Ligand SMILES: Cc1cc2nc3c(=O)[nH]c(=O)nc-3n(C[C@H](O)[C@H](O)[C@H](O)COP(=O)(O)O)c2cc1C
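Next comes just one chain, in structure tokens: the form predicted alone.
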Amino acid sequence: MFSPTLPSMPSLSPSLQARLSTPLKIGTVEVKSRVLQSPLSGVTDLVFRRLVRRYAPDSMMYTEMVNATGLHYVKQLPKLMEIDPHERPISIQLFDCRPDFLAEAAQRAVEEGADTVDINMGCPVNKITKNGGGSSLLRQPEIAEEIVRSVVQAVKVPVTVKTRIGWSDQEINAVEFAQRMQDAGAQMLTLHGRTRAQGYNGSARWEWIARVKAALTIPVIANGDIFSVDAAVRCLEMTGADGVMCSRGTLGYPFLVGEVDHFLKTGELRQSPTPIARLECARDHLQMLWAYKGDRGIRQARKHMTWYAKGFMGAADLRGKLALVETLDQGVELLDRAIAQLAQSGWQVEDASEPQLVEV
């Protein structure tokens, strides 16, 4: 019978543990976790956030980013902004380059129930930057500052910013840009340790996060390459940041935010979920997406299902089949069959909804 093993024990210094033992304060909002789930386009919808909250009920969640210009011309609230009244704390992320449209969108976000409004100034995707949004604002700090001031004046909830260290290696302006955002009224800044030119390639340069943290008085959240508890701890030790934001590490692994949060609070490592536990979570994810979005949810689930299917014999074949799923029954059947085969081969069956804790 397979018995899951724990990863190596991260080193948490007493000073770090003491600093992170208190709630994260974002202006008037208090968050009981120092670990945040990043906004991810096409990923962090209501269903995904519910799954992450199974394991991290105290963490701040973010919606997918919402185009303020599109929102200006549409009276009906887009599904991207739909939140559960009980999912708190929650932030709605907006993007655009128009201060007035962003201020208007922020007001609608607050009406929907957002505890904070986050402005995306870091997305590197061409279709966003070519229209002046995302990380293109790093090259337009005056406009970025005007955006923050406009949104701060429009809403009573804290306004936060997510950005990168610069446009390219030749245009790294993280410290100056961050100071402008703070001066404009931002109550927290999340910094991805890559330039726009890097995209998601190479390593995140946490040293720049440390420089920004040293220059600001508002909370600074470290983002980039947080794929494990160990990485989160190393990042926090190196940067002195007030917390970490998990992004790509949660794709097919909604357990990560809770694993990091639990360790920072207790010094204990949760036992990693077995492949069976991950596939059981994938099945829940598929069923929840279908219930929430119907057939469109099944199409959106394909990428999620392939992310879950890894780390066991036959995973590649299963991924190929899951990527072509057309119906709920077809996807459930594939996952049930894979779970049964793994159980027969000796993998330990665990309840994915109740993570096992191991004291170390």
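Small disclaimer: the values here were computed from a predicted structure and weren't measured. When you see a residue number, it is the position in the sequence shown, counting from 1.
The discussion below concerns the form predicted together with the ligand, not included here.
Note on contacts: among Ser135, Thr160, Ser91, Asn223, the single residue with a heavy atom within 4.5 Å of the ligand in the predicted bound form is Asn223.
Among heavy atoms of Arg180, none comes within 4.5 Å of the ligand in the predicted bound form.
Although the partner is absent here, Leu40 is a contact residue: one of its heavy atoms lies within 4.5 angstroms of the ligand in the predicted bound form. Using a 4.5 angstroms threshold between heavy atoms, Arg270 stays clear of the ligand in the predicted bound form. For the chain shown alone, Met65 is a contact residue for the ligand in the predicted bound form, at least one non-hydrogen atom being within 4.5 angstroms.
Just one listed stretch, out of 213-221, 284-292, 137-145, 245-253, contacts the ligand in the predicted bound form at the 4.5 Å heavy atom level, and that stretch is 245-253. Interface residues of 172-202, taken as those with a heavy atom within 4.5 Å of the ligand in the predicted bound form (partner not displayed): His192, Arg194, Tyr200, in sequence order.
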